[in-house]
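Only one chain is shown below, in structure tokens, and it's the form predicted alone.
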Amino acid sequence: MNVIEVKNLVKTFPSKNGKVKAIDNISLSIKKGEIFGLLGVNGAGKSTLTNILTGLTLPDSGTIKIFGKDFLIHEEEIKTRSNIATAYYDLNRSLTVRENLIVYAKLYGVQNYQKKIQELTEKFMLTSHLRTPIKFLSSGERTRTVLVKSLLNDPELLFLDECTVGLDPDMAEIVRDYLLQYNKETGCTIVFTSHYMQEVERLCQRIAFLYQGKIIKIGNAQSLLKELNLQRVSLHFSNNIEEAKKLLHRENIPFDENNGILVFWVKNREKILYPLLEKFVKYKIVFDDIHLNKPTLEEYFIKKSRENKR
């Protein structure tokens, strides 16, 4: 069963040159219980798409079904079964953490909300801040408060937009572990937006890459990386680096140089790398060390973005 079905979604905003398409004819479906990642550089359309799916922004055209129902017709009902946490969500700054959470718990109709608030604030290490006004919290503490807010109504569908921004590494890991546990125990569908490739790779079953308002690729991390089919080669030099650069130029192999390290990419070890290393030996070009690394999700995304620019 698909929890979200989007077809031919378009959203434009006015610009100096007329209009710019923030969302350009996007279609996608997200399954029940899936953690689905949205990746893209700033301005790719991630937050705009999230805002449309949560009712904060209206699309120009296209259709949205959530829980099998037309979102524009059944918006209020759908919202009772979903929630959102974003690094850019602004709670009431004058109210305390507890007061903010009580307001939202009552809005959501949460039964036994005092117990729920206690459980979640303990999980996210906020109990010592319950009486602190929001304006006196650090950015990480505000982020954690927004996360607690988003979980008060036990959502079946959860939108998380840059929800680990401002968290220290240990707290970010606690959040990721909790989200995986919550997803497993409840079957909640999670739409996860992030700049952190490793985070998305760890959490998400499928990933959509957005570029200039369009989805350029959807797949799971491993299948996307297989498609890239490259290996990064790093050669470390104390001497002979100029001779090595000349050899790479002759072989038409693009490379980057950084502090005595030459980095380049190969598709095939046997046909490209091994013959190249034999030439290093033939011309007595000595390197200190060599490292071979598999591509990362970030490198895949950079490659796809460059292809679309061209």
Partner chain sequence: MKLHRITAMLWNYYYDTIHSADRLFDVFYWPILDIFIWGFMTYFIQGLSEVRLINVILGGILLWVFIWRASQDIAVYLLENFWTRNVYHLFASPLRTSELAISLFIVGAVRSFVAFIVMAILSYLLYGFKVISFNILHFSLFVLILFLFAWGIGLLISSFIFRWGSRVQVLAWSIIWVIQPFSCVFYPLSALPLWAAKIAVFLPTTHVFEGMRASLQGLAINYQSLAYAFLFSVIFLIISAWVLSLAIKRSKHRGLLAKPE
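Residue numbers count along the first chain shown, from 1. What you are looking at is a predicted structure, and each value in this text was computed from that prediction instead of being measured.
From this point on, the text means the form predicted together with its partner chain, which you will not see here.
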- Query: With its partner chain left out of view, which of I84, C188, C204, L210 would have a heavy atom within 4.5 Å of it in the model of the complex?
  - Reply: I84
- One residue of D168, E119, E99, D177 in contact with its partner chain, assessed in the model of the complex (non-hydrogen atom, 4.5 angstroms): E99
- Item | Interface membership of L58, its partner chain in the model of the complex, 4.5 Å heavy atom rule | yes
- If you check in the model of the complex, is K79 within 4.5 Å of its partner chain, heavy atoms only? yes
- Message: Taking its partner chain as it sits in the model of the complex, is E75 in contact with it (heavy atom to heavy atom, 4.5 Å or less)?
- Response: yes
- Flag F124 as yes or no: does it have a non-hydrogen atom within 4.5 angstroms of any non-hydrogen atom of its partner chain in the model of the complex? no
- Residues N183, F192 and I215 all lining its partner chain in the model of the complex, heavy atom within 4.5 Å: no
- Task: Could you tell me which of 218-226, 141-149, 193-201, 233-241 sits within 4.5 Å of its partner chain in the model of the complex, going by non-hydrogen atoms?
- Result: 141-149
- Hey, which residues along 97-119 are within 4.5 angstroms of its partner chain in the model of the complex, non-hydrogen atoms only? E99, I102, V103, Y104, K106, L107, Y108, G109
